[in-house]
Ligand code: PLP
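One chain comes next, on its own, written out as structure tokens in the form predicted alone.
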């Protein structure tokens, strides 16, 4: 740290220079985050100094968090759900598995996740001492139920289904996983970090409602993760972890004798109330109609992008279920590199290898058309 102080304008100049090195979202098709809604930014600024880790000092902010949990619970078919605002899907998944592990008291516990599961499950396996078993995917890139069942043994404490896989945007058969979990007496966690703010708002013409069952309406679902900072338009970091009832959350409780509350169930101690306030503001402002409009536009662009890609003989691995596309190109890594030279940021999937695109609200139709033109040239030139 420098001994001499700097004036405000000098600091702002440095920060502006450094910010200019960040990649603007407009040409990013790899991220599941986007620019937050202005009302979320405003609420975040207003509550930037609040600490939900000591809620007795910030009673109003704590009530905001409870209301956000209630709103998310209602969205996911359980207004009585319990939980809290996390930093995102990784923390939510960690805490869900933490609660499951504590509930079972197994000396050598394992969980079963799809091969398509987010890498946070590798992290939590190490942190929590859980053996993470990975089930195969079927031809539609959903988890294979037979593979899940074959991996269950006496030490299995939980299984995981994904509602909106990070790489393919696919929805696992959650109802069937629920039936399996209940028959085996194990917990079922749904990672809907991305899909939670997409699936409920998908245009009904896109498919039948029964195709998209994924939440607490299914009896075997014990916990669910969903991120307001993705398609929810809130600020980073804003995640959400919900349990079917309070008993699951209580398994995470630790004593906090020197705070204004006597116990805490969260992973982190100090927690900014700004994320909860931002989520509250944007939920109230957009409402269901607002989210349906946003998701509808993203899906329209997604379908148009896929149609344009087909004109260049580039097909998706699966017809997109949501605004995530995996394109089958001859050399995905080379295509990614060549597209980067043209100013586009995309990513690749693991297995099967494909070019991965996420059509977020920041993508304009004009940019989508320019991107597909460049994609066609890159693939043609090989």
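Residue numbers count along the first chain shown, from 1. Predicted, not measured: the structure shown is a model, and the values here were computed from it.
Here the subject shifts to the form predicted in complex with this ligand, a form of this protein not shown in this document.
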- Please name which of the stretches 131-139, 242-250, 272-280, 227-235 has residues with heavy atoms lying within 4.5 Å of this ligand in the predicted bound form. 227-235
- Query: From the list 200, 73, 158, 88, which entry has a heavy atom within 4.5 Å of this ligand in the predicted bound form?
  - Reply: 88
- Find the only residue in 113, 193, 81, 177 having a heavy atom within 4.5 Å of this ligand in the predicted bound form. 193
- Would this ligand be touched by all three of 93, 118 and 164 in the predicted bound form, meaning a heavy atom each within 4.5 Å? yes
- Item | this ligand contact in the predicted bound form: residue 32, any heavy atom under 4.5 Å | yes
